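Two versions of one and the same chain are coming, encoded as structure tokens; call them structure 1 and structure 2.
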Structure 1
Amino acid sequence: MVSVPGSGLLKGLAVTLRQMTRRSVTAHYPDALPELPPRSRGVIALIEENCTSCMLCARECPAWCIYIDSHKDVIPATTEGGKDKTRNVLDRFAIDFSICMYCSICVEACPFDALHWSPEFEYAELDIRELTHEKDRLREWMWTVPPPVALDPHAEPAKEIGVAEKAAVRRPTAPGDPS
């Protein structure tokens, strides 16, 4: 390859000129909202109904930014001489987003799928103390949580489904089965 001196310079000019005729790639953010991928870690949403106040998330959180208060309700026994049951009631669930580092450990740790990532990210406040969002606010974000991403075409089935299917296959040979 013979290279003409200066051809590189001309090539540079050509590249910029070609780029000028193309559409720019700037995202017009405040005017047009960005299309975030479904797994974006915007803010943590909470389904209060799923939460058992087990405190696992708060204990696993490396930043100690989850605050949980709960008390036990006593459910009187329904049958005569039966034992009273107790149930946890969530009084307060708050996350301090000024300390949260979006590590997702709480979401992973929750055994009852009460925490989810929502791609919403516009929750800035003028005062840092107001970044501690209480459970009603966390609940509202639940509406913005996208459905889980579909599995790859040839991927193994989701764990829960796989376990259920295996159980269904095993059942006929299980001892005590009529068949």
Structure 2
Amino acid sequence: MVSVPGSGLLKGLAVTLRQMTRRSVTAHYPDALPELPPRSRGVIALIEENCTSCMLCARECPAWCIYIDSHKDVIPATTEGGKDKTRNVLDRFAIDFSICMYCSICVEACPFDALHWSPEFEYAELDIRELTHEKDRLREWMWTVPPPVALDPHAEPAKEIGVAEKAAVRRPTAPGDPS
């Protein structure tokens, strides 16, 4: 095969001309929002009522971007001679998204389902210090969290449900009990 000088340039120009005549597939982002896959990771949302300040999410975070402050409240005993109870009260819960790796370890580590992924990704700021979201802002993201994926109708039922049903069947009914 004999190579003609400049044939590579002509092939490149032919590709360019072909692409110029085709319709563009560019997404016009601000006007047309992208269609995200289900359960996309955008920003972490917080259900403050579920958080017990156990610090598991902060300890497991490889980037150390979660800041939690809490104090203990004493709940007086309800019965005479009973023992007072203590409970953690969440004072501050903040996530610094400027150093977050979006690895989802904090969401998986939370035993009380206080953290969830929201698909919202438009939270850019002009000042990097504004990327530290406090609990009030994290609570606002909760409204954008999609519902959990529906269970597979062909899957086996959860073992916990079977145990609960057996316990309910074995429960003796007392005389005068409506159930």
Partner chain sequence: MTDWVDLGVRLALVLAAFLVVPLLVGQVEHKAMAHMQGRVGPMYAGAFHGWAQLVADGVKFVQKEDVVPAAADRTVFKIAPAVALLPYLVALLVIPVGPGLVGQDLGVGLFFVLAVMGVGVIGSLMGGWSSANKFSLLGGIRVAAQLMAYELPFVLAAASVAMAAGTLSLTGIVQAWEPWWLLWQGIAAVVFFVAGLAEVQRPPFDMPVADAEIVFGPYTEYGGLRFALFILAEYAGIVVLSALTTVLFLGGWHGPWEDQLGWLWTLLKVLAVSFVVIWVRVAYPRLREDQLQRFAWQGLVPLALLQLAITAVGVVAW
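For residue numbers, the reference is structure 1: its sequence is counted from 1. Only the largest set of C-alpha atoms that superpose within 1.5 Å between the two forms is called the rigid core. Note that the structure is a prediction, hence the values are computed from the model and not measured.
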The form predicted on its own: 1 or 2? 2
Tell me whether residue 153 is among the residues that move between structures 1 and 2 (Cα shift of 2 angstroms or more, core superposed). yes
By how many angstrom does residue 25 shift at its CA between structures 1 and 2 when the core is held fixed? 3.3
Core-referenced Cα shift (Å), residue 13, between structures 1 and 2: 11.2
